[in-house]
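Quick heads-up: it's one chain on its own, the form predicted alone, in structure tokens.
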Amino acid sequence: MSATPGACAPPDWSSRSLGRRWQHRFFYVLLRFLGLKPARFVLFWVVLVYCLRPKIAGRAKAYLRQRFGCSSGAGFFFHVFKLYWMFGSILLERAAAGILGKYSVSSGTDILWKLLEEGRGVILLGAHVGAWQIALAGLKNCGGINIVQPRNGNDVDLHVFEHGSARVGPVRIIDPEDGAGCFVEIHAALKRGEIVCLMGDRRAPGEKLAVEVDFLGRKALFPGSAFVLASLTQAPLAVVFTRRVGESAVECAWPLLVRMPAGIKSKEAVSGYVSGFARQLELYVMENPYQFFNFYDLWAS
């Protein structure tokens, strides 16, 4: 969620897609007419070529240095390839979920339905891990899904719900850079009893509720806006992490359910909650090192 500009500098990340529009469309056509296996064969060579480009490999350097202690050499390239191969596979399977309806989602949806029955809406706080968009494809007849995320004009990779054959929705994108308008849209969605999805591991430009926490052995800045939002609206906040467990197969984990007290507004007041989120994310990353897709240096303050 965006806030007015604060003391911290804008983070060095963009939602710009790596590939060009025609390259994404090529894979969509390949999936529709030949299926997942031929598309995966082509993907292997695409990922290999991309990993040989220093600029692309460099986007993963900060994370791999923290997680594996390497930033160059053959070992570094091995980790870069495995990370991007997993990332590409999930993007491909995400498209297959929308185009072919090929996916499976397991674990935990009963928790979500019970929270929705309370009538306050639900804030789903996730991270750039696993295959969260495939998991969204498993949420049918939930009344409405709202995703808070910036959409760069060069982000040409279609969401799972943007493919014509996908039966997900209604889904709305809320631009976090819209300031007060973003909060109004989020509040209205929760009042309607809908789901609002936010990411807890990436600061939006101008985020003033950035909290310094320990993450993978160094201090990193994580946003605290979601917890303030939960306090203001009194909607339950559920932390959910997805994990790819097989071809087009996703498992959901729900490590935290938070009911925020009213009146929480400062970053000092949410620091404990943000630390708890970061700790759960760290445990996930230690178990699933190649399913963390935050391609920028979140340790740079």
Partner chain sequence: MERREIFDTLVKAMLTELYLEDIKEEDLTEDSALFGEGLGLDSIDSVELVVIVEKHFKVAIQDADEARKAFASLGVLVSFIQERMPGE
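Numbering follows the first chain given and starts at 1. In this text the structure is predicted, and so the values were computed from the model without any measurement.
The form predicted in complex with the partner chain is left out here; the points below concern that form.
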Q. At 4.5 angstroms, heavy atoms only, are 188, 225 and 232 all close to the partner chain in the predicted complex?
A. yes
**Q.** Non-hydrogen atom contact residue 103 with the partner chain in the predicted complex at 4.5 angstroms
**A.** no
Q. Can any non-hydrogen atom of residue 74 be found within 4.5 angstroms of the partner chain in the predicted complex?
A. no
Q: Using a 4.5 Å heavy atom cut-off, state whether residue 173 contacts the partner chain in the predicted complex.
A: no
(Q) Is residue 217 part of the interface with the partner chain in the predicted complex - any heavy atom within 4.5 Å? (A) no
Q: Can you check 195-203, 85-93, 180-188, 122-130 and let me know which stretch has heavy atoms within 4.5 Å of the partner chain in the predicted complex?
A: 180-188
Q | Sequence-ordered residues of 242-269 touching the partner chain in the predicted complex, heavy atom within 4.5 Å | A | 265
